[in-house]
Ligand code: NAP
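Here you get one chain, nothing else, as structure tokens; it is the form predicted alone.
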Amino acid sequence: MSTPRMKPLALITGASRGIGRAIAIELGRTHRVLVGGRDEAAVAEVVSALPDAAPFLADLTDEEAVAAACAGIERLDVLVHSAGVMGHYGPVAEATGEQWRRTMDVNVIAPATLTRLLLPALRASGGLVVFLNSGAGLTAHPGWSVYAASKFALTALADALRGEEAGRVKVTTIHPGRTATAMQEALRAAEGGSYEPESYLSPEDVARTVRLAVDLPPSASLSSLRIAPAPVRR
């Protein structure tokens, strides 16, 4: 009798809500999912909704905590970096050093650290790293300096990693446009505009884009992809 093949393993950060949660649900159809987050109750709720899942509880800015959470992961098929913060919306003249440091810590240093710690497990399976970036990682607008700088840095991190790990680990960057999430609602309030979720991408749209990268055959890879909301017919 042959041994049943184990499900591939996916770790998704920021998976307790929004885009990360949608990705966990989407990949949960085919993968065992490690649900990343800091809120134990919120993570447990997502874990309970999936057919095969476990919590990955850690503050991603605490390297020791992240290393402890990664202990025992010997093979990893998919790592999705979905956790992130807006940090600051407003002119450079008003952005504090703490806002810059916090945004870079969460949006750039944390994914770099987690990736480094899990590279042996990703190499063991010929895995895939997906960086959930933003249109702000390609074009910066007034008021977006802190966030856009962190996302440009995340683009550079992914590009460098893709070259360094060529032939061992695949690396995909996804740049979604405005997406209907709580962060988007808060951003629109800061911008002084209205929040119209029907005009934006849904978290499920982004999750299906991640699925596209995950389901490519071993002989193909997706370097980067920019997706945007389709115009709403009025």
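Computed from a prediction, not measured in an experiment: that's the story for all the values here. So that there is no doubt, residue numbering starts at 1 and follows the sequence shown.
Omitted from view is the form predicted together with this ligand, to which the following refers.
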Site test, V106, S134 and G177 vs this ligand in the predicted bound form, non-hydrogen atom cutoff 4.5 Å: yes
4.5 angstroms heavy atom contact with this ligand in the predicted bound form for D59: yes
Contact flag, R102 vs this ligand in the predicted bound form, heavy atom cut 4.5 Å: yes
Contact test in the predicted bound form: A182 vs this ligand, heavy atoms, 4.5 Å: yes
Any non-hydrogen atom of A83 within 4.5 angstroms of this ligand in the predicted bound form: yes
Answer range among 84-92, 71-79, 156-164, 119-127 for contact with this ligand, defined in the predicted bound form as heavy atoms within 4.5 Å: 84-92
Those residues of 31-52 which, in the predicted bound form, come within 4.5 Å of this ligand by heavy atom: R38, D39
